[in-house]
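Given as structure tokens, the chain that follows is alone and in the form predicted on its own.
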């Protein structure tokens, strides 16, 4: 399989399953870019924050109809028609309130970011995460004559994910990741910066179990829908007895070769 044969790939799995090392393999092997939902949100939030609008965002929300006022009205109120700033405002409205971001907002942010990449040569990370997002993605791909070649599911057990995640520590300065069991920080400090490592606020068992529940209830139906639409899926283990770059790469490429050999047989 040649890099030029691949248009887009979806990587999915439970939070903490070990997706990033597998994404790194796909990016390198197929000359792709990683399009992450987290990065998308950060980009548009930054665009809005850089605009330095300091008044309340409540003026942009129509309480009677439970939706935003029109983009034209938003533009007039903001004093700009920059679509990135307007999208950032909509994301910020929900994020700042700690509210679930509705699919129609996530879809709009994703579509804008995906369009900048010409709907091609991307590893989709964190999208689609719901059934409605899966449906939106397929409509978007069809509209722009693009496709997803296959889904890579990184599989890991709940208990392994919990054990791995609650023991994770990060350097607040450089972002270097440690693990209290497998890669403990010496004297509790980052070996590069010398700063005391911390546990992320969302790396508690309670929050991890909540994310795992959300995967089962929301993301699995999204994955199953794509499978029903005959998008091939390869499954790779998130846990390897000997975790090396070579073994990660081999498990990913073997899984991909398997699904394509099965397709050719059919």
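Positions refer to the first chain, counted from 1. Here the rigid core means the biggest group of C-alpha atoms that line up within 1.5 Å when the two forms are laid on top of each other. In this text, all values refer to a predicted model and were calculated from it rather than measured experimentally.
Heads up, the form predicted in complex with a small molecule isn't pictured, but that's what we're talking about next.
Participant: Only one of 79-87, 176-184, 154-162, 120-128 has heavy atoms within 4.5 Å of the small molecule in the predicted complex; I'd like to know which.
Facilitator: Of the options, only 120-128 has residues within 4.5 Å of the partner.
Participant: Does the small molecule come within 4.5 Å of any heavy atom of residue 101 in the predicted complex?
Facilitator: Residue-level check for residue 101: yes, a contact with the small molecule.
Participant: Verify the contact flag for residue 115: yes if a non-hydrogen atom of it lies within 4.5 Å of a non-hydrogen atom of the small molecule in the predicted complex, no if not.
Facilitator: It does not: once the small molecule is placed as it appears in the predicted complex, residue 115 has no heavy atom within 4.5 Å of it.
Participant: Test of understanding: in the predicted complex, would residue 47 fall inside 4.5 Å of the small molecule by heavy atoms?
Facilitator: Flag for residue 47 set to no.
Participant: Going by a heavy atom distance of 4.5 Å, is residue 106 a contact of the small molecule in the predicted complex?
Facilitator: Yes, residue 106 is a contact residue.
Participant: So in the predicted complex, are 41, 133 and 202 all sitting within 4.5 Å of the small molecule, heavy atoms only?
Facilitator: Result yes, every residue of the spot touches the small molecule.
Participant: Does residue 92 show a Cα shift reaching 2 Å between the shown form and the other one after rigid-core superposition?
Facilitator: Yes; that C-alpha moves by at least 2 Å between the shown form and the other one.
Participant: Given a superposition on the rigid core, I'd like a yes or no on whether residue 177 shifts its C-alpha by 2 Å or more between the shown form and the other one.
Facilitator: Result for residue 177: yes, a 2 Å-plus shift.
Participant: Fitting the rigid core first, would the Cα of residue 135 be found 2 Å or more away between the shown form and the other one?
Facilitator: No, because once the rigid core is superposed, the C-alpha of residue 135 moves less than 2 Å between the shown form and the other one.
Participant: Since the Cα-Cα distance for residue 100 and residue 213 shifts by 3 angstroms or more in the predicted complex, is it a contraction (closer) or an expansion (farther)?
Facilitator: Their C-alpha distance shrinks by at least 3 Å in the predicted complex.
Participant: Based on a C-alpha change of 3 angstroms or more, tell me if residue 45 and residue 143 lie closer or farther in the predicted complex than in the shown form.
Facilitator: Farther: residue 45 and residue 143 separate by 3 Å or more in the predicted complex.
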